[in-house]
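Below you'll find only one chain, the form predicted on its own, shown as structure tokens.
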């Protein structure tokens, strides 16, 4: 009787390559810009029409579009700051020992976290008054401020979940050790728990900010003069030339890519640096 000695051997697993998105760099923006901006300009120049090329028109409007993009950043930073402050308190409310506080905080978090951002923006835009009077003093509510309030609501809910998840991810021994040292719950939170949560909260917080920055273009739907609104007005002022669509919107795309992609890369680095091995 013969026995087969050639047993199957499992070959070593080939390491998986990084995702294509993670291999991108800022230098990849050059061919993107060439395709979206320069390409239509060259095609238009080949027609021989004696008017400004799309690239020349874009160069004339670029300073105004950059100012609009800066306003997008102002909206994103303001909404992120307001939403972070409110979301931190809401997240601490979710871990409160008080049952009523914990339940109400959970409901508010889930309501705004699962609501469409555009719907919240419309609610803030049309339900808030144009101005309020306090002791005879009229305080205006401009559209850009309403947009900040509307965008801060989903940010608040997501930050609340980030805080709750970070606190709950810490070992229970941290709480027990603080209790053995006669720390109060407030002292335990501010001196022991929250300082350790910063590393865990920072990567998702930065990712949320990048998402918020890209969502600021929703403010154009309600008439806020940001980069998308100004782009539409610039195209209308140029007589609705269809060959301007790709260069102008490609320029806006390039602005957001150049700002948000470094944030995404830095977030990946922080995730690797602060990763917790279990």
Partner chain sequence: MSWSPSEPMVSIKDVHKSFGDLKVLNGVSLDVMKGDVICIIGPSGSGKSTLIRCVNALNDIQQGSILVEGQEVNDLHLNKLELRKKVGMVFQQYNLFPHKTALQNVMMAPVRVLKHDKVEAEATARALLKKVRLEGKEAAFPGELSGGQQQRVAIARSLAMQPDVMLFDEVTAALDPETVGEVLQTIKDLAEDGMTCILVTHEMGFAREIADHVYFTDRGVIVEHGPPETFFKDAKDPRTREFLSQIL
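Keep in mind the model is a prediction, meaning the values are calculated, not measured. Residue numbers count along the first chain shown, from 1.
Note that the form predicted together with its partner chain isn't included here; everything after this is about it.
Indicate whether its partner chain has at least one heavy atom within 4.5 Å of a heavy atom of residue 187 in the predicted complex.
Output for residue 187 is yes: heavy atoms within 4.5 Å of its partner chain.
Taking its partner chain as it sits in the predicted complex, is residue 181 in contact with it (heavy atom to heavy atom, 4.5 Å or less)?
Yes.
Considering non-hydrogen atoms and a 4.5 Å limit, does its partner chain approach residue 104 in the predicted complex?
Residue 104 lies outside the contact set for its partner chain.
Should residue 176 be counted as a contact of its partner chain in the predicted complex, where contact means heavy atoms within 4.5 Å?
Taking the distances in the predicted complex, the answer for residue 176 is yes, it comes within 4.5 Å of its partner chain.
Which residue among 196, 96, 78, 110 has a heavy atom within 4.5 angstroms of its partner chain in the predicted complex?
Going through each option in turn, the one that passes is 196.
Just to be sure I understand the contacts: of 137, 100, 191, 119, which is the one whose heavy atoms reach within 4.5 angstroms of its partner chain in the predicted complex?
It is 191.
Spot the stretch among 152-160, 119-127, 80-88, 167-175 with residues whose non-hydrogen atoms come within 4.5 Å of its partner chain in the predicted complex.
Looking at the partner contacts, the answer comes out as 167-175.
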